[in-house]
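Just one chain is shown here, as structure tokens, and it is the form predicted alone.
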């Protein structure tokens, strides 16, 4: 029996999962195909909409700067209401896991490197650590978790001009895990609390705690029961406890991935973990199927409408070699300078042209070919596979994924009804 759905989404990151949910909301039957685990577990778990203006200025309100963006920026294409719709969908998925939905202004969160990052949504577990809070803070690191140097992070925060005194201390984690232990091992130990790890950790922190009203830990305070872990530490330390977002693998990102998975299940979206290796068309400008590899066989997955959300160069949604940058799933056009030496600039910390590489789309999010014609009438793109912006420099990655994912998924779903 042929595999056939109304909408097929290719890509399992934030953009793809958001598109799948939006299409399902339109009443479409939806299948999501992804070849790997979500990239969320490699992200900080912060949800950035727009942290910096094109001139590099820190933004208090990302919506104030939308009119200053270039015409081909994804936000300029979909508009402010699409950003708000994407955030509204995110809030419905994340629920009590996240804060920040009460305002359109950015919050400032300390990072594990001691910098301050503007973000639109942040884990509830990090809420007590806001850099705009003037209460003093103690940062606590673990001897065996070298990715978080608490004394150094505290020094950097003070150098950044935060309105509070920050101090760092390093303690041993109960059970003395190995130096190369995964962050999930710390989280599971605190979740299970089999040998009283929560109380033993609080006792060790109490020796270096000097009455600061809030205490920050690396983001390993439980995978299944983070609220319970924080509550236990807060009771023993008589202080607010918060997590400092870390690099990959990210516990806040993993928790968010689980929330998206649950939402997809509730919406009836079928998820397939296989690579797309080819596609079929009807010969009249429309896609008819994405061909999925399964145990050496090529299986067509038919649909009326498709969403491409496979990521950019970092997420391997774009392939590159010495000759060109390509979109490998549907072979969509990727604008780029002919001379590869124009892909880069010499300044190590300057803006790099390659960061803006991606498929060219119109305001309907349909990819265009090199002559500006629509590639396939029933294909839309979402997330960082779209070109025209540098998500790392402007802090906009998750926001673009939410806005374009929601818009592309809703349009794809509506087309099939």
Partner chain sequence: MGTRTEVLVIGGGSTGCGVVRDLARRGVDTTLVEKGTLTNGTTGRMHGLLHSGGRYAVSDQASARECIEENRVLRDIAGHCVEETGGLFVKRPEDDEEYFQEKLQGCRDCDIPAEVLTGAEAREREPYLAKDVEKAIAVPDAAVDPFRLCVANAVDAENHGARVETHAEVTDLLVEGGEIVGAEVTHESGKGPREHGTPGEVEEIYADHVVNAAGAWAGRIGDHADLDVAVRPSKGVMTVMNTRQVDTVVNRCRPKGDADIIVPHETACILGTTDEEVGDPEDYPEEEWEVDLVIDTLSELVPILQEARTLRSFWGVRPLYEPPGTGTQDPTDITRDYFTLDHEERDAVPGMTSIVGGKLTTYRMMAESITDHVCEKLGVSATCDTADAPLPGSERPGDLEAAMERFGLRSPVARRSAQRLGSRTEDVLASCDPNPVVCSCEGVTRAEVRDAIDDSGTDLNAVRIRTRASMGNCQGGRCAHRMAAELHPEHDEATARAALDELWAERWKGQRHALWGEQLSQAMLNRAIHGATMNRDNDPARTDDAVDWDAFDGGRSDAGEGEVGEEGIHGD
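Numbering follows the first chain given and starts at 1. The structure presented is a predicted model; accordingly, all values stated were derived computationally and were not measured.
Only in words, not in the display: the form predicted in complex with its partner chain, which the text now covers.
Student: Heavy atom within 4.5 Å of its partner chain in the model of the complex: which of 197, 228, 91, 304 fits that? Just give me the one.
Tutor: Residue within 4.5 Å of the partner: 228.
Student: So which of 77, 291, 130, 202 gets a non-hydrogen atom within 4.5 Å of its partner chain in the model of the complex?
Tutor: Answer to the contact question: 130.
Student: Pick the stretch from 275-283, 83-91, 161-169, 296-304 whose residues have a heavy atom within 4.5 Å of its partner chain in the model of the complex.
Tutor: That would be stretch 161-169.
Student: Is there a heavy atom of residue 391 lying 4.5 Å or less from a heavy atom of its partner chain in the model of the complex?
Tutor: Residue 391: contacts its partner chain in the model of the complex.
Student: Is there a heavy atom of residue 192 no more than 4.5 Å from a heavy atom of its partner chain in the model of the complex?
Tutor: Taking the distances in the model of the complex, the answer for residue 192 is no, it never comes within 4.5 Å of its partner chain.
Student: Contact between residue 118 and its partner chain in the model of the complex at 4.5 Å, heavy atoms?
Tutor: So residue 118 counts as contacting its partner chain.
Student: At 4.5 Å between heavy atoms, is residue 59 in contact with its partner chain in the model of the complex?
Tutor: Yes.
Student: Is every one of 102, 112 and 313 in contact with its partner chain in the model of the complex, taking contact as a heavy atom within 4.5 Å?
Tutor: Every residue of the candidate spot has a heavy atom within 4.5 Å of its partner chain in the model of the complex.
Student: For the heavy atom contacts within 4.5 Å of its partner chain in the model of the complex, list the residues of 67-81 involved, in sequence order.
Tutor: Not one residue comes within 4.5 Å of the partner.
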